[in-house]
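In structure tokens, the next block holds one chain alone, the form predicted alone.
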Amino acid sequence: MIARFPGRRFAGRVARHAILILTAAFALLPFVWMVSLSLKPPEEIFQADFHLWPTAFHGVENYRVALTAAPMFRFLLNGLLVCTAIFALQLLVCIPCAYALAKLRFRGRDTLFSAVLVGLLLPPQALAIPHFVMLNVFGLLDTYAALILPWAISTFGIFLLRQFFRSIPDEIIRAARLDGLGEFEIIWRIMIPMTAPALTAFGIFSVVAHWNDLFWPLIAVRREEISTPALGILLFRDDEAGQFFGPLMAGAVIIVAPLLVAFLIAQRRFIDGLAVTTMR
């Protein structure tokens, strides 16, 4: 039927590509705007006529201020430390939980999975006050622990990995048990190597979420030396004059760049991980 209407098929492909291009352009517009403003002098940023490339190039000065007016490399290092620690703790919790929900049979398994689904519906802001009170009781506010511990458990990670584990044939698990492997050995030697795409997808979601998070660091920490990138960039604000708007955009470019590089490197595994989990 499709072969009889090549023109209709071609029109459909053109329409799909047009929609994809328009969607991509809409998504990239804020990033293009951000890079453009990071290259402009202050007097050109608020001009009525807009042009992407500045008439007077001011990028070197803006990026110099972004790197020297505040400890930008310290913020990037803090973000790397916090995101790595959060992701490591999430894996320690999510992988065994997801494996149990996917491959083990026990009373209450479906109820626990329902609780995980309910947890997906809770916005993280709803738990901010309980987290703040708990950390205050233990004296952990304004420390790295305050930035890491509230996110050690990820219901999204449990759900994502559980869906991926379900795609692995049960025969592999039974064969491993016949060979004398325990459950934790099965997880470490079989499940984790086979779930690299799902782990990559979850890692990107986790790192991006906590690298860009401003809400919780704004509540939990006050010291500049442990500020995350999103919190540290607020040092460039100037609500009265706006003369730091160029360095602010330059700092935003510096903070976003590592995420873009990481995604470009891991995009194939990221797409593979989402493709498998959505088919279950």
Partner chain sequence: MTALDQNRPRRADAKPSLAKRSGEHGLGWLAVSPALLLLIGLLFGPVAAVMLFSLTDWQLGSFTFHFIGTTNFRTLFTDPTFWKALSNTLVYAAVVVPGTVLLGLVVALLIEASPGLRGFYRAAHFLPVMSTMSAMAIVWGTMLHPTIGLVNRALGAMGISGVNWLRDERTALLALALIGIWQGFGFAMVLFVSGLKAIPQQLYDAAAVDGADGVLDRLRFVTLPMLGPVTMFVVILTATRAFEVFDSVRVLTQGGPNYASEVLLHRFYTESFDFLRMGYGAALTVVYLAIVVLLTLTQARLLERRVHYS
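Because the structure is a prediction, the values reported are computed rather than measured. Residue numbers count along the first chain shown, from 1. Between two forms, the rigid core is the largest collection of C-alphas that superpose within 1.5 Å.
Unshown form predicted together with its partner chain; subsequent notes refer to it.
Within this chain, P197 is remote from the site of its partner chain in the model of the complex, having no heavy atom within 4.5 Å.
At the 4.5 Å threshold, heavy atoms of I265 stay clear of its partner chain in the model of the complex, well away from it. Contact check for L260: a heavy atom falls within 4.5 Å of its partner chain in the model of the complex. Interface membership of Y63, defined by any non-hydrogen atom within 4.5 Å of its partner chain in the model of the complex, is ruled out. Contact annotation: of the candidates A70, I226, L39, A230, the single residue with a non-hydrogen atom within 4.5 angstroms of its partner chain in the model of the complex is A230. In the model of the complex, its partner chain lies within 4.5 angstroms of at least one heavy atom of each of the following residues of 201-225: V208, W211, N212, L214, F215, L218, I219, R222, in sequence order.
Remark: with the core as the superposition reference, the CA shift of E43 between this form and the one not shown reaches 2 Å or more. Once both forms are fitted on their rigid core, the CA atom of F215 lies less than 2 Å apart between this form and the one not shown. After superposition on the rigid core, displacement of the C-alpha of M249 between this form and the one not shown amounts to 2 Å or more.
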